[in-house]
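Here we start with a single chain on its own, the form predicted alone, put down as structure tokens.
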């Protein structure tokens, strides 16, 4: 009996070793390739997918996402993408359609699981009643700068996590845990930001471009003028003089421009109106402090509060 038990033990060990060999010889599940049009969606994908995703951002926080070229390097990344995550609402109208047409990657085409437009999942503001290019760079679906309100990030995170699970069901539990962890931390952060920003409610501001309407709606800021005579048109001397006259009747506390925009018009107005010019990061990487989604909004609120003091 002892001898039989010994043989069974040897056989069990052999089977165990064989199983280990088979297990570790299997190739690791490949990472999903995510092509993000803007840094905020790259950052969100990282929060939700961790090291299971290989993420590429087509733009940086110091670039205007309206004006990007469909370079060969972007085409190469898009061809390998399993998931395309962009803002949509015509923000990338000047380059994304060209990119999709040239890649030949069916996974990320319109109507496929790998085609994800964040603006489809938030309430759009500034929807025009008339679409006329003579009015400037307007967007038929509404203002596309949705990332400046953290509640929009929360809405997109839920749907993006579900999309990751659909594309990569083997890691469903992993993505679900990552989403729950992110959602908990994000809700806590939003409560903190709401308290910190209470002092900003009702503050009058001037903006370079109408890219802050979601932030204004979130914080209760009042936009009294824009440096651009029409959306997308550079500020002219005549229009800046008009804005300055407007501020004499309706004063503002600050003039805001994005980090990637020319600061000279904002500084010109700030000197003459005796108000601070504030360069806000419109996305992750917009300045050294905005390293991720959490620090992005921390920095935005800190700069706004500093400006009214």
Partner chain sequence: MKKLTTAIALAISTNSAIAETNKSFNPDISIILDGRYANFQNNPEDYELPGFQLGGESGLGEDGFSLGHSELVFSGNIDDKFYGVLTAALHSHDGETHIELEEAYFETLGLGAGLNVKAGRFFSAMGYLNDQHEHSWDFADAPLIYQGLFANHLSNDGVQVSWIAPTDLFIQTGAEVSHDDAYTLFANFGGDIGDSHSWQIGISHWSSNIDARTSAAHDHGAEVVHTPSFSGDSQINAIDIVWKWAPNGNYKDRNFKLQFEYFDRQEDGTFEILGSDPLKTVAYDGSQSGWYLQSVYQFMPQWRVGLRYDRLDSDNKASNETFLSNVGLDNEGITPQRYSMMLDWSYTEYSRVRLQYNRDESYEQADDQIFLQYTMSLGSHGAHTF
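What you are looking at is a predicted structure, and each value in this text was computed from that prediction instead of being measured. Residue numbers count along the first chain shown, from 1.
Keep in mind the form predicted together with the partner chain is missing from the figure; the text below concerns it.
Residues in which of 258-266, 279-287, 34-42, 242-250 have heavy atoms within 4.5 Å of the partner chain in the predicted complex? The contacting stretch is 258-266.
For residue 171, is any heavy atom within 4.5 Å of the partner chain in the predicted complex, or not? No, residue 171 sits far enough from the partner chain in the predicted complex that none of its heavy atoms falls within 4.5 Å.
Going by a heavy atom distance of 4.5 Å, is residue 226 a contact of the partner chain in the predicted complex? Contact check for residue 226: no, nothing within 4.5 Å of the partner chain in the predicted complex.
Looking at the partner-bound form in the predicted complex, is residue 203 within 4.5 Å of the partner chain by any heavy atom? No, residue 203 sits far enough from the partner chain in the predicted complex that none of its heavy atoms falls within 4.5 Å.
Residue-level contact is defined here as any heavy atom of the residue lying within 4.5 Å of the partner chain in the predicted complex; does residue 126 satisfy this criterion? Result no; residue 126 lies far from the partner chain in the predicted complex.
If the cut-off is 4.5 angstroms on heavy atoms, which of these, 189, 199, 159, 113, is the one near the partner chain in the predicted complex? The residue from 189, 199, 159, 113 that makes the contact is 159.
Neighbours of the partner chain in the predicted complex among 75-89 [non-hydrogen atom within 4.5 angstroms]: Heavy-atom contacts within 4.5 Å come from 75, 76, 77, 79, 80.
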